[in-house]
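One chain follows as C-alpha cells, the form predicted alone.
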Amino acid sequence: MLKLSTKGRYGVKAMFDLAQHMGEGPTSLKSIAERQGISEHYLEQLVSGLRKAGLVKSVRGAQGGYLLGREPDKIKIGDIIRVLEGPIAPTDCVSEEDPEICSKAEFCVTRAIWEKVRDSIADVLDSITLETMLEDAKKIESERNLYMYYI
C-alpha cells in the first residue's frame, strides 16, 4: 500500500494552518500544534526542513513564530511532500531523483505501470496549492453554515 507518513500529512496540516492565519503575523508552533493536534516537538522537526527549503520563514523574538515563505498560490502540496517525504516514487526504480536501475529495467513490463502511478500522484499533488486548500475550506465552511441554517 502506498502511504504517506505522518511527516507528510502533518506537514501539510501545519502549512495549511499557516496559510489560514496569514496576515495575522508570525504564528507560534505551540498555536499550530494545539489547533492541529500535533506534538510541538515533532512540529519543530518538520518546520526545520520546511524552513531550509524556503517554504516557511522564521521570525525571532517575543512575538516571533513562523510565516509562509511564499504566497499560498505558489506553494504546491507536492513541494511540501517532497521536502518532508523525499521524491515521489511507488518503487525505487522509478524515483523522481536517482532511480535505481536494475538489470531487468530495459525489459521490465511493470516498470511502466510504476512510472504511470508516480506521474499520476505527482500530477495530483502538484495541481493543488495551499490557495486551493483555502478555497476548498471556504466552500466547506459555507456549506456547513447553510446546512446549520436549515436545521
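Every value quoted in this text rests on a predicted model; they were computed, and no experiment measured them. In this text, residue numbers run from 1 along the sequence as written.
Beyond what is shown, the protein has a form predicted together with another copy of the chain; the following relates to that form.
- None of 120-128, 61-69, 43-51, 23-31 except one has non-hydrogen atoms within 4.5 angstroms of another copy of the chain in the predicted complex; the exception is 120-128.
- When contacts are judged by a 4.5 Å heavy atom cut-off, Glu106 counts as touching another copy of the chain in the predicted complex.
- Lys116 belongs to the set of residues with a heavy atom inside 4.5 Å of another copy of the chain in the predicted complex.
- Although the partner is absent here, Ser39 is not a contact residue: none of its heavy atoms lies within 4.5 angstroms of another copy of the chain in the predicted complex.
- In the predicted complex, at least one heavy atom of Glu85 sits within 4.5 Å of another copy of the chain.
- Taking a 4.5 Å heavy atom cutoff to another copy of the chain in the predicted complex, the contacting residues in 68-96 are Ile77, Ile81, Glu85, Ala89, Pro90, Thr91, Asp92.
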